[in-house]
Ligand code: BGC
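Given next, in structure tokens, is a single chain: the form predicted alone.
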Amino acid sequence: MTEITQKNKDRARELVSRMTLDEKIGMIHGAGLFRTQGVPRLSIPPLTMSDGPMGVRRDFHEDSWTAVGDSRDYATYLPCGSAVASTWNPILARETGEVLGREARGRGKDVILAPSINIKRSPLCGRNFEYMSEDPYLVGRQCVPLIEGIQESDVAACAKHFVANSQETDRLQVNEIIGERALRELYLPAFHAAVTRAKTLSVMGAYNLVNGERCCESTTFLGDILRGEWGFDGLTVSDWGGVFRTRESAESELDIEMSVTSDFDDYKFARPLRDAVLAGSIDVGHVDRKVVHILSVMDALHMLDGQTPSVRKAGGHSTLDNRRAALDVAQESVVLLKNDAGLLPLPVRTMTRILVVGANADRIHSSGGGSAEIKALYEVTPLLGLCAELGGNVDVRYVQGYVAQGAGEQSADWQRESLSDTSARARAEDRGLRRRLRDEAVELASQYSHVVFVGGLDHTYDLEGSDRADMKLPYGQDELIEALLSANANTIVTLVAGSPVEMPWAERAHAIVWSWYGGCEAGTALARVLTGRVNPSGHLAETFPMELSDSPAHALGTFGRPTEVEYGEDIYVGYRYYETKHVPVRFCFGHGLSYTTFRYDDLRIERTGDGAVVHCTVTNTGDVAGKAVVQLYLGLEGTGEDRPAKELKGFDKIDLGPSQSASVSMNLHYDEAMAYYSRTAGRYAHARQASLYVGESVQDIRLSATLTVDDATVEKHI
């Protein structure tokens, strides 16, 4: 594991003692859009960074958002954060990180700006597709191996956005009012895991304010919590354009200022800070501390071994192995939401033709979404995936079904524009064309035995800098789906998106498949699931509510407002709210079907010195191999305070052949599993008793018991 040692710190301090003020200043702000200034005199190279969470972003000129334009920056397009989380597979999360690290190193990058680990508070957040889950435990379990995988290649991971970057509307100015309990139980734990367990070498500050403090100059978050409580000794970097005041940011624990403009000498950490230090109004010690953090990371990455460049690991990008890893993740991220009539898998050996409807069947998504855009070496669409999988034995007819005007088109200067965008963008449509395309698809659907609709969202809606206005499917898709189901009740509905959508037609549809922005092999993965070559094993990492008004961020708090947003739902985000308040949902947290079934037996709790091991037996009761996601929830009792009915505390994913059984063991450590932040005491406390649940989702509980802890409770927690 790459991590900072005392030797790295000592070397950094020695170098700082030999540097001039101008050399130090050059290292703490952008000297290019994605790099800082090096110190050639001391053999210190620039620190080069790159987006993003779904692969290494294309190269730009140093001083403009104009792409370099040659072929060297084609990259492997990886599944989005939501897809990685939906695999419920830490091994695949690590593989994702390993690919990111190898490709970043192969492209000469030192820091990859990933992973994005903010909690999904509302279905409308434009960057939800980058994020992993509504649950901090699941985010932690997936982001830790991902970060470790990145840093295997002598590249720094950068956990972002610290903290609570939950909306894009007014993202540079919005003040989020969040209670301490919600911060400690929901919004901080994944970052704590990234820092203390994964040893992430860098953390990015968020644009927004929290409780009146700008995140990129916050003494509470960057200082007291990150550096103080958690002992973080890596580097902190602002989000691009997230620094507004020189003194406050310089005196904080922010190390590097980056922005989207080319006036590098005018950045707050550039000439203004230099002048303030020379005038004696800001202590040079603040600058020295920042440079020590930066050099410590650079030394840990073997960037300061100028005489022995071979010490640093070499990477490689757009390789066959990297693309195979992307396919592995994509396949396990596809979620079978419904299969009532056994329409899936498709009967490929007997069918002779199939109708594919929907613009998302023939659309690529890699080039949009904001800073998560990728210059993909290739991207397999669902239509291409199906045609390749069916091998020419089945006649595939495709019709568009609906028009998505402007989808996937991203302004070359969107990054600068996004800093002033405060609302969802208007989307134009041609209603006459919509009607013609719908009528064509519906007429054909009545003539085919097998119809697959591929719709959902795209990066006109799942987009950095802009939140969605509602949860509805755009482009008239609901009307089209209703009409297709009327014409052919066996129409299979598949949706590609990064956030939940309302499904008013869900009761009528016999089969619903959900896939995320699944990377370069997304279409292959979906096709293999539809045809049964791959048994689906993805499970939802977030709740799909019936409608937007059911979401706690909208029912109890506020979202999408400029200036100030209240997190009135407190800790009742996602399933914590729906389960506790008995609010019906379309598809619950943890839900995911298979082409086989699993039986759960023999629940047993084994006591250990600092916790317990929960054992059970899982049996594949079907006739095909499949992967079960065994989920463990606790409901803390006797706290004297309101608590969620269930909270995820463990999971395991196992592969079972037909009729095969396996024992599953999940560890619980009392200091974490039984801990809660007491509003009464203003600190962490520990419950002595909890209801324990094991099942296939938060609602599909198969086994239950009561867990009791004696008075020798463990007091350690974050």
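All residue numbers are counted from 1 along the displayed sequence. Just so it is clear, the structure is predicted and the values come from calculations on it, not from any experiment.
Note that the form predicted in complex with beta-D-glucopyranose isn't included here; everything after this is about it.
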query	finding
Any non-hydrogen atom of residue 240 within 4.5 angstroms of beta-D-glucopyranose in the predicted bound form	yes
beta-D-glucopyranose contact in the predicted bound form: residue 207, any heavy atom under 4.5 Å	yes
Residue contact check: residue 113 to beta-D-glucopyranose in the predicted bound form, 4.5 Å heavy atom	yes
beta-D-glucopyranose contact at residue 676 in the predicted bound form, heavy atom, 4.5 Å	no
Non-hydrogen atom within 4.5 angstroms of beta-D-glucopyranose in the predicted bound form for each of 232, 253 and 286	no
One stretch from 393 to 401, 156 to 164, 174 to 182, 87 to 95 that, in the predicted bound form, holds residues within 4.5 Å of beta-D-glucopyranose by heavy atom	156 to 164
Listed residue (34, 693, 670, 651) with a non-hydrogen atom within 4.5 angstroms of beta-D-glucopyranose in the predicted bound form	34
569, 257, 464, 542 - the one with a heavy atom within 4.5 Å of beta-D-glucopyranose in the predicted bound form	464
Residues of 39 to 57 having any heavy atom within 4.5 Å of beta-D-glucopyranose in the predicted bound form, listed in sequence order	51, 57
